[in-house]
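Only one chain is shown below, in structure tokens, and it's the form predicted alone.
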């Protein structure tokens, strides 16, 4: 079935069965292979569905946070009157008249809510973060204020928390051997910036390879993924510019946008109707107060963050552009990191040669940050060549395929068990909804008892009623490992009563959105 009707202004086809936001449903008995979007054709549908939070669960979650807050104020009262020992950071008496170092609410949250489940984070591992890890055992005798290491190492924990998507985080194999060889030749550090004495031939080789991998004219590599966003956005936009930002963008994008001084407006996650309205309003009304035309609008210049998708999505591992069968030249700024699929560190920006030449001069990360470590660079070069098949093997392509199979199998099994799972069906990051604050720590502890390492996330990193466990799939996971993990997750789900699903899926792009214009900064 093909859509011949002329696309509407927002790039979505107007054929029957097409929704406002670009998500296509066909009539019964038909198969939709692509949708019209942004002037091009998707080769696959955008299947990203979310199940609504059950009302009772939402109410109980709010009640749980309310009870925790009340007990927090009670304990603060007891600490003030020396009934309970106060262990949190406070100003000394002679500092009372100065500006406080510790924000009151953040400190309140840390000492009364976070401390209860602090043992679920910062767990020290003492091995390669591969499919299995070794973890140092620790205990707390003062309710998580401090930890004591027992000296025991917990062996062979199935690692469901690391972003080791393609399994390149390993201590043996071609990547390790190449990195060791470069370490003996170049040493561990460069001790200079790229603009001074820190520009190695390896850096040049990496950037040319990344540009070929992405299908763009040029690329530049940076030593830190977070700084790739936060330090380069201010070089691209400034005062008098407008940034239209997805409401769920990463903190590095948010920080970079704020540092730029540009006006920031927020649109609903992946909602093209919301984005279109904001863009129309921005063009009509211009800059706040002065109503002057915008110098730049950073959506007409499309900035794509592929920190998690590069290497992990697409038939050849080239990210969402490859996944949807689009042209890399349609994206103005392609950003990604080497910290996940490639088992290394750092990030990159790819695009037109003029863009990259500009960033080499004006980017703070290029001008002031120390160059990437040579062994890290070689790890990236070797892994990228493996994915591209330039090492003479099909190992890279096999890993991309294995990751896709593991992802679909794991997601399907969790849904069959009755858990609420968020996200795209092909995303290797699998959020399992926990909701209630008491279940955040309980789930992490119960899984660790069963030798499964997981990451749990709660407020303020997520909305207050959307606490979750986050599983990260890897090509290094065998089916036996996944089946073992699923068996334990099923048991813990029954124990903690986490199977909330009622099978009422709401596609993300079906969700209604209000007409509010979200504006973060005016200046």
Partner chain sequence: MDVKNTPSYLYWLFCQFELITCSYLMEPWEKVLFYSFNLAMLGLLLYTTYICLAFHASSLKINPLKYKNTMSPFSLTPYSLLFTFHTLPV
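Residue numbers count along the first chain shown, from 1. For clarity, every value in this text was computed on a predicted model and none was experimentally measured.
The same protein also has a form predicted together with the partner chain, omitted here; what follows describes it.
Contact with the partner chain in the predicted bound form, judged by any heavy atom within 4.5 Å, is made by just one of 77, 149, 143, 368: 143. Think of it this way: in the predicted bound form, the partner chain has a heavy atom of just one of 486, 60, 464, 457 within 4.5 Å, and the residue is 60. Checking 175-183, 160-168, 437-445, 279-287 against the partner chain in the predicted bound form, the stretch whose residues place heavy atoms within 4.5 Å of it is 437-445. Although the partner is absent here, residue 52 lies well away from the partner chain in the predicted bound form, with no heavy atom inside 4.5 Å.
The shortest heavy atom separation between residue 497 and the partner chain in the predicted bound form is within 4.5 Å. Although the partner is absent here, residue 116 lies within 4.5 Å of the partner chain in the predicted bound form, judged by heavy atoms. Taking the partner from elsewhere, residue 358 is found to have every heavy atom lying beyond 4.5 Å of the partner chain in the predicted bound form. Residues are counted as partner-facing when one of their heavy atoms sits within 4.5 Å of the partner chain in the predicted bound form; in 339-353 not one qualifies.
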